[in-house]
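One chain follows as structure tokens, the form predicted on its own.
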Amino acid sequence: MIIRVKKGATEAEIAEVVRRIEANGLKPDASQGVDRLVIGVIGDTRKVGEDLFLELEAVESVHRITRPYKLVSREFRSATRRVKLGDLTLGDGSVAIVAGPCSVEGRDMILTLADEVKAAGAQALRGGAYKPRTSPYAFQGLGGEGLRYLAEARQRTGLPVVTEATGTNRHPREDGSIEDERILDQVVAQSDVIQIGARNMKSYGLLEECARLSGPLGKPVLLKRGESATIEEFLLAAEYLAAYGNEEIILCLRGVRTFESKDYQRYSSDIAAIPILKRQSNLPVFFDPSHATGDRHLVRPLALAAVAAGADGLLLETHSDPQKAWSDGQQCITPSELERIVKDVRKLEAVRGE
């Protein structure tokens, strides 16, 4: 539900609107527009009639939100949410470039690569310390050690760090007992942006806990679309984060599973979802051409297509020597290729608003 306040309403009249919202077990979310105040009503409003607010002197109109997702919808907040990523402001029309390896392979590797991606023009560093993999035998990441290396790379380069969070790892002790490793706690504490990967998009308990931990710290969450998730399911996953305390959300598309053969592309690139999400939601939208294609030769054209379609940022897997990468080397671009993409993106960025 959205309450539009009359122009010139007094503070006392507005306070009465807020009081009535809270008296019904709901939460107000005020947003000051160009010439008037809009108050979003958060919670289950099904038993609350519009007349409860229309009778108040300060209220101009009351509208119910028709979407199943509320807080992240354009109906609730018409302006794109500005999300901070280091010195960047996402959602202001510019394009952010986040680059780095699929997985952190060692201290020297990530420090060298951090220098290279910064020199190429990237504005943030991505890298996996914890890697949820399809096969239990594949490299699962360096864990806490990898987080420490990422923190050192941030200190060295000034680049904010984006890394993925998962749930809890269980490690057997020598005495036969089990030690639980709280991965989410570590990632929230040590990263600048918490990534929720495609596999965990529907892990609603993880989304809730992530929002509760990261929200008070003002740390954004980069939420990836599940490989078989509809746009509505994707936005409802974002709604979980918003409803449980963190509205600093970045949506990230990374291709969807279709009938296409992996001989041509790993997934089908969901470029059309960029303008759809920007029309339906108030959140900035990223695109990950590395995972969408699985082929480094397709990364540049898909990256540029995404920017032309209105993406607010790109997530690009980059490695100094892709042939020797411990994971996903076939989709990693080199720092020199990254530099070329960054230059092309800046040219597109300058003209796409015309």
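So that there is no doubt, residue numbering starts at 1 and follows the sequence shown. On a predicted model such as this, the values are computed, not experimentally measured, just so you know.
Form predicted in complex with a small molecule: not shown, discussed below.
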field: Contact flag, H291 vs the small molecule in the predicted bound form, heavy atom cut 4.5 Å
entry: yes
task: Spell out, yes or no, whether the shortest heavy atom distance between K131 and the small molecule in the predicted bound form is within 4.5 Å.
output: yes
query: Looking at the partner-bound form in the predicted bound form, is E164 within 4.5 Å of the small molecule by any heavy atom?
result: yes
query: Might E317 be said to contact the small molecule in the predicted bound form, defining contact as any heavy atom within 4.5 Å?
result: yes
- request: Look at the stretches 274 to 282, 190 to 198, 256 to 264, 76 to 84 and give the one with heavy atoms within 4.5 Å of the small molecule in the predicted bound form.
  value: 190 to 198
query: Just one of L241, L90, L113, C102 has a heavy atom within 4.5 Å of the small molecule in the predicted bound form. Which one?
result: C102
